[in-house]
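A lone chain, given as structure tokens: the form predicted on its own.
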Amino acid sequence: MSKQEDFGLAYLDSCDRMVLLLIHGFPFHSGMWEVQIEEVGDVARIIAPDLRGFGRSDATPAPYSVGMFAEDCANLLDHLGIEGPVIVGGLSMGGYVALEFYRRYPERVAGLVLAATRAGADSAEGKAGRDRMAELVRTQGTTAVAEAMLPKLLAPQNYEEQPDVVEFVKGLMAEASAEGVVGALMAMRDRPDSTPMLADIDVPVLIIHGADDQLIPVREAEAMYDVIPDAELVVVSDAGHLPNLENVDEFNDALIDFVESFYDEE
């Protein structure tokens, strides 16, 4: 039997498309990108991790931080042998992680997609809300959080008129672990303010926001657009906090156009 040694392994990868790293929102997992993987996958190699404590990823002991999540994503790219810059996208909490990824690894970012998110840190009221929600998980479990959040995640009309989406979102939330939910809540509560960094972002940025977002108002997206030097803002009609699920066509069209712009530069 030959002795196992560490060595550099050369390999061929038939997937020569631009890499798009998609980071899910709270309290979901990579399954929220199912339609994007199917449709946008024609123009990009999509990698969608389950953040620790969510989906099929293990829950680890607290504390969690957005920095930890960003490092996990970087380690995943390392594991996959992806060294060149990639497009990093995230929705809501995933957007916080995407901004943190850029802060830590700017050389690894070709572009950013910030969906249904904001740059600022939590206000005192926001931090108190995270604490209350964490206590709700500890005393009543993740189902209580899901029930409280669900009506606010979609645009009011979609909550009534898109029962399939409501059930899909409910199913995603049901799979979150208590450890992951509490850890992510504390990570979001304590995340840094990314606002001062926005003017220094020197890669193209696509900002996508639902016109009827009940959790993060459109003005937060507009504020980022006003400061980031090379930014595009797409406000998705008939969509709330989950525009990638509520208005798939508009969301995917914007994402495909953004990805294809990188091929135009070659």
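The numbering used is simple: start at 1 and walk along the sequence shown. Not measured: the values here are computed from a predicted model.
Below: the form predicted in complex with a small molecule, not depicted.
Only one of 108, 170, 103, 130 lies close to the small molecule in the model of the complex, with a heavy atom inside 4.5 Å, and it is 130. Shown without its partner, this chain lists 194, 142, 158, 92 as candidates; in the model of the complex, only 92 has a non-hydrogen atom within 4.5 angstroms of the small molecule.
Contact with the small molecule in the model of the complex, defined as any heavy atom within 4.5 Å, is confined among 56-64, 24-32, 227-235, 196-204 to 24-32. Taking the partner from the other structure, the small molecule in the model of the complex has no heavy atom within 4.5 Å of any heavy atom of residue 137. Residue 52 falls outside the set of residues with a heavy atom inside 4.5 Å of the small molecule in the model of the complex.
Using a 4.5 angstroms threshold between heavy atoms, residue 86 stays clear of the small molecule in the model of the complex. Though the partner is left out of this view, residue 121 does not reach within 4.5 Å of the small molecule in the model of the complex, counting heavy atoms only. No residue of the trio 17, 44 and 112 has any heavy atom within 4.5 Å of the small molecule in the model of the complex.
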